[in-house]
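Below, in structure tokens: the form predicted on its own, a single chain.
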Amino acid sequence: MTITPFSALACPLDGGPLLHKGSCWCCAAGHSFDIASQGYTNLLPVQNKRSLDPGDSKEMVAARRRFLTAGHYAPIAGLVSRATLADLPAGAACLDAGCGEGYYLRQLTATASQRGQDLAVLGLDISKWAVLAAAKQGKDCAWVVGSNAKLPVLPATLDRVLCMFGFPVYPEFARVLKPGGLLLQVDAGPDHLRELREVIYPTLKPAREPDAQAPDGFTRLDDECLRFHFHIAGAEPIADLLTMTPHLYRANAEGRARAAALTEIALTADVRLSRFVRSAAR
């Protein structure tokens, strides 16, 4: 069994293959991208950024790391790992598109190691703070700062793509997946963190029904829903949960104040895992 860094990277400027040379990745056109001392590579060109520091802030990444390390979402990680590794072909490669600080990939590689399954792994996020935190914790994965809108990955080189509570870009996912490869997408269900949302919002918006149609280039397989309950005690862990979600920025001042006054809360986790298989190339 071997967990290895994914290496079929593409130049974000011209799309050509990148070759690992010493402490950098280079393409035939002469573009070069340094590998940071922490072990990650920034493949997000300045012209592709919508802000100076896109993605999650350093504070959001730290909050998410503390929350996830506490194990509150371990059942979600277990579900994703089992689904990703089921019927995995030999020599498979997996991308976590929006990997954050790497929690789900670390759980995945640990499960693959226990099962004796080979896997080449890539974690990508638009936040340099997230990728930096991930690289510090996992050395057997490739870690890249990049965007789902233009993945720095060669076409048809991946067997699995994960999109965890993220921003799916289906044309790009279809481009980098091999025919028959799987996209595994996790989204919040209607009751996810309902108890917290009831505290911070005056009213809750009606839940949106999931789209039953498969994206272009994919065939939809079965969905799997997971619900469980967990408890958080302490103002700081509750603040971490709020900081790592969009709710902190959507709530008004009164809602944030009500959340800040909490010292414990019982919560529902409600998520949906959707599976899409990459259609055969035409």
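Start at 1 with the first residue shown and count on from there. These figures come from a predicted structure and were not determined experimentally.
From this point on, the text means the form predicted together with a small molecule, which you will not see here.
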Quick one: find which of 93 to 101, 198 to 206, 80 to 88, 176 to 184 has residues within 4.5 Å of the small molecule in the predicted complex by heavy atom distance.
93 to 101
Taking heavy atoms only, is residue 240 within 4.5 angstroms of the small molecule in the predicted complex?
no
Taking the small molecule as it sits in the predicted complex, is residue 157 near enough to touch it, meaning that at least one heavy atom pair lies within 4.5 angstroms?
no
Looking in the predicted complex, any heavy atom of residue 138 within 4.5 Å of the small molecule?
no
Contact label in the predicted complex: residue 134 to the small molecule, heavy atom within 4.5 Å
no
